[in-house]
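The chain below stands alone and is given in structure tokens; this is the form predicted alone.
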């Protein structure tokens, strides 16, 4: 299934640190069931505001992400399944 097209979107793992963005889509099929469940529990879904805060020390993994008022750490490959649109 193809994700809907949204102009000026990028994957969350490519978003510059400190840039706030809105989640436009999540490719749930690219994630294992347990991984998808974990992201859902963290609040990753369409319309949610996210902001990457900093990268891990080794291999830039994991990424600290602010989701709403909570800060979580997710793997770079999981962030790659999340499409976001920067908030101007």
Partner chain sequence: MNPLPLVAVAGSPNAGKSALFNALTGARQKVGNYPGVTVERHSGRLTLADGRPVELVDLPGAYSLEPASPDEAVTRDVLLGRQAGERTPDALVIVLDASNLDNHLRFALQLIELGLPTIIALNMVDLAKRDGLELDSKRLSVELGVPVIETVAVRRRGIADLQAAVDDMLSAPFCGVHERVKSDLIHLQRRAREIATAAVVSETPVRRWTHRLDSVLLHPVFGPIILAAIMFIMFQAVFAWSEAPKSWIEDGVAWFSNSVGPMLPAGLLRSMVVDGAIAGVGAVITFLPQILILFFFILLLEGTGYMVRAAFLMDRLMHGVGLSGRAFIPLLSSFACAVPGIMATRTIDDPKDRLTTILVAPLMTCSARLPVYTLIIAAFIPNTRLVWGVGLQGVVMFGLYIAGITGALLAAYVLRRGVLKGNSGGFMMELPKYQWPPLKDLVIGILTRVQIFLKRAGTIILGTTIILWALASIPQAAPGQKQSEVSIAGHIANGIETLVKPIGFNHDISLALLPAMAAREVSVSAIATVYSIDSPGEKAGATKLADKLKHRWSLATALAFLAWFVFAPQCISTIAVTRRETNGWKWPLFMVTYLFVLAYAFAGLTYWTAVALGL
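Computed from a predicted structure; not experimentally measured. Numbering follows the first chain given and starts at 1.
Beyond the structure shown, there is the form predicted in complex with the partner chain, which is absent from this document and is the topic of what follows.
In the predicted complex, the partner chain sits within 4.5 Å of a heavy atom belonging to residue 74.
Although the partner is absent here, residue 16 sits far enough away that none of its heavy atoms falls within 4.5 Å of the partner chain in the predicted complex. Although the partner is absent here, residue 50 sits far enough away that none of its heavy atoms falls within 4.5 Å of the partner chain in the predicted complex. Contact between residue 29 and the partner chain in the predicted complex is not found at the 4.5 Å heavy atom cutoff.
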